[in-house]
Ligand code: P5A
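Only one chain is shown below, in C-alpha cells, and it's the form predicted alone.
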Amino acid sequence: MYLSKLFIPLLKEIPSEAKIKSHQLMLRTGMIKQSSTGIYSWLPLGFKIMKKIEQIVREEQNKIGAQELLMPTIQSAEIWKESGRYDDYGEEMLRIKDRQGKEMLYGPTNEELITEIFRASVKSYKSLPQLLYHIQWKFRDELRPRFGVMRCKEFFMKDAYSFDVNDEEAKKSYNKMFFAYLNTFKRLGLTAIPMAADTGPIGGDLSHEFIILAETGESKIYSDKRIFDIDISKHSSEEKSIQDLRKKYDEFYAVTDDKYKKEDFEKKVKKENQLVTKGIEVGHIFYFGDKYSKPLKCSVDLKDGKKVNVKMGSYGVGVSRLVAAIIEAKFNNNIMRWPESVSPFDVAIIPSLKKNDKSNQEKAEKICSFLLKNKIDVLLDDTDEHLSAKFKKFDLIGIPYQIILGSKSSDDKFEFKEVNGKTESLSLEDIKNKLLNNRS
C-alpha cells in the first residue's frame, strides 16, 4: 500500500475535545471520525486494527469450544419484559417502535435474547454444556459519552454466554472463560489483571473485571503487586490447570473500588506490596445462575425426568474499546508502537526522496514487492516530505518496524529500525526472516 493512496486524514494539531491519549491519537492519525456525540465512523487505519483484535478474540473463544453465532442489533421488548429488565434498565436503553407500533429496542446487551434462543432449541441435559458467543455492535445511550471510543454510545463487543446443568459445571465454564481472557489480552500485548468486581445491572454473585493499568482509567484499583508475577504460560486449558491458576490469582488481594474495604486491604497486603492506582476495564465476566433462565422459563429435562433451570454466565470483551486501551498502555512521549499482533501494517518503508533522483523510490518499490510476495503487509511512504517529517508521522501511526532508505543504507544493506527501539543494518533476506519470526 502506498501512503499517498491510503485514506488516512492526518491532523497536525490535537483536537480540543480530545482529553486522553487514545482519543487524541485516534483523531490525529485518522483512525476514527466523530459522526455525532458518542458515535464514530471507523476509518481504514482504525478499522483494520479493530478487525485484527476481533480475530484474536474469536480465536481464543474457539479454542475453549465456544461457538459463534450472530444476533441482531434490534430486539423485541417482549423478552426484556419477561425477564423484568425492560423498565429497570434505565435511560441507557434506546427504546423504539416499528411501523406497526411494536415496542423494540437497540440491544445494550444480549442475555434475554440468547436465553430465548436457547430455550426454544435445547430441551435435554445431554446437550449441555453450551458456550455461545457473538461479536456485534451495541448501543447504550450514555448520559456523558467521553474519551472517544473508551466510553461512547455505539461500540463493538464480544458477548459470550454459558449454559450448564448445575453450579459445579457452570463454574467450569466460568473458569474456561477466565483462562481464555487472560490469553486474549496477552496476545494483544496487555497485562490484564482479573479483579473481583460488582455485578451491576447484569446481576449474579460472582464477577471479575479484567483491568490494565493506565493513568486515564476510570476504575480505581487496589491490589497486591505480586499478582503481576503470575505466569499464565505455565498453565494449560485443562480444568485442573485452570483451577490452579484461579487459586493463584485468588491468593492475592485485587479489587476495584466498588469492592474495596480499607481494613481488608491493609490486613491482607503488606505495605510494600500495596498498589493503589487507576485502570481500564477491558473485559468483564459474570456468573448469575438462574437469574435469567428462571423468569424466562429456560429449563432442560434431567435423566430422571425432572426439569431444572439452566445455570448461566455472561462474558464480555469490548473489542472497539481495546483499540483505545492498547493506545493508553503503549503510547508514550508522542511515540506509538502497536503490538505486532494488531499493527495495521507489518513494516513501513520510508525512503528519502530527492527531486532529480528516483533511485531510492525504485529501491523502495523493489523492497515492497519482495516483502509482499512473502506475505508481509507493507506501507510505503511515497510522499515528498522531508525525512524528519516522515519520522514524526510514523511515530504517531505506530507501525512497529521501519525500513529507512537514507544515507546509512547501501546497495545490499538497509537501515531496519524498531520503533522506540534499536536500529540495525540488515540485508533484505534478514529483514524478511525477522519480520516473519516476530509475527509468529
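Computed from a prediction, not measured in an experiment: that's the story for all the values here. Numbers for residues come from their place in the sequence shown, where the first is 1.
Beyond what is shown, the protein has a form predicted together with this ligand; the following relates to that form.
Screening F286, Y106, F331, W80 for any heavy atom within 4.5 Å of this ligand in the predicted complex leaves a single hit, F286. Distance criterion of 4.5 Å from any heavy atom to this ligand in the predicted complex singles out F155 from the list W338, Y222, F155, F118. At the 4.5 Å threshold, heavy atoms of A254 stay clear of this ligand in the predicted complex, well away from it.
This ligand is not drawn, but in the predicted complex it has a heavy atom within 4.5 Å of R151. Contact between R321 and this ligand in the predicted complex is found at the 4.5 Å heavy atom cutoff. In the predicted complex, at least one heavy atom of S314 sits within 4.5 Å of a heavy atom of this ligand.
With the partner omitted here, the stretch from 303 to 311, 233 to 241, 136 to 144, 357 to 365 that lies within 4.5 Å of this ligand by heavy atoms in the predicted complex is 136 to 144.
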